[in-house]
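In structure tokens, one chain follows: the form predicted on its own.
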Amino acid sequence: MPAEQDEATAPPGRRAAADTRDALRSAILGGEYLPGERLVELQLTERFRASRFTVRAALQELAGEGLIEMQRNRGAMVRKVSLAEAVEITEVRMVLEGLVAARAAERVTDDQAADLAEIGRQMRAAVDAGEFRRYSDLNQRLHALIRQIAGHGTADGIIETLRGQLVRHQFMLSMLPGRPQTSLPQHERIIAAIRDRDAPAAEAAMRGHIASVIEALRTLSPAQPAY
């Protein structure tokens, strides 16, 4: 049974922990809690209107995802991800996302291919208009759609966990001058290969794109705050 269905039919206590976990995850990824910031249980119970047991269960799950860390005698805090670790995580993503792109090319329907083409068109329009925040949003939509088409639950879960740990590095990358103009043709090659049902080309295009992300990460200064 998929995790979403399992949680939907779970006892109220487990559903409450899942809801609290999801809300806290969104707050962390949205920048409401900064790297290294303590997550005080009492404050979380008040914010999310949850019991301490529920909050602790949510914190344990997020620790398992690598978003927070539990320190003895200090409690939970948002985990810092160093630049070196961000590169390593992205190297793992390169392998997984290449696999997912290849599988998407094997499974894509005509309607899904049209959806990919439309996102590609909107991405080019966003770059031409200098709307880089919109481009970043479309980037996420594209990768999410590719994972949906691939339907590889295990890879999808791992990628989502890894992506959550990199959200702030990804934001920093999106602000690099010229980065959208560099990544746009890479995304267009991925889209074209999947629409052509060419699995080897789709995997190669995706791996090439993620390799470019790794190189961009390495241009960031190690002296910048760890996120």
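Here, rigid core means the biggest group of C-alpha atoms that superpose within 1.5 Å across both forms. Don't overthink the numbering: it's just position in the shown sequence, from 1. Just so it is clear, the structure is predicted and the values come from calculations on it, not from any experiment.
Separately, the form predicted together with another copy of the chain exists; it is not shown, and the next lines address it.
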{"property": "Heavy atom within 4.5 Å of another copy of the chain in the predicted complex - the one residue of Leu83, Ala117, Val92, Ala125 that qualifies", "result": "Val92"}
{"property": "Glu69, Asp198, Glu61, Glu37 - the one with a heavy atom within 4.5 Å of another copy of the chain in the predicted complex", "result": "Glu61"}
{"property": "Which of 190 to 198, 177 to 185, 26 to 34, 53 to 61 sits within 4.5 Å of another copy of the chain in the predicted complex, heavy atom basis", "result": "53 to 61"}
{"property": "Contact flag, Val167 vs another copy of the chain in the predicted complex, heavy atom cut 4.5 Å", "result": "no"}
{"property": "Touches another copy of the chain in the predicted complex: Thr109 (any heavy atom, 4.5 Å)", "result": "no"}
{"property": "Ile158: touches another copy of the chain in the predicted complex, heavy atom cutoff 4.5 angstroms", "result": "yes"}
{"property": "Ala144 within 4.5 Å of another copy of the chain in the predicted complex, heavy atoms", "result": "no"}
{"property": "Residues in 196 to 212 close to another copy of the chain in the predicted complex, defined by a heavy atom within 4.5 Å, in order", "result": "Glu203, Arg207"}
{"property": "Asp198 C-alpha shift between this form and the one not shown of 2 Å or more, rigid core reference", "result": "no"}
{"property": "Core-aligned CA displacement of Glu188 at least 2 Å between this form and the one not shown", "result": "no"}
{"property": "Large Cα shift (2 Å or above) at Gln60 between this form and the one not shown, core-fitted", "result": "no"}
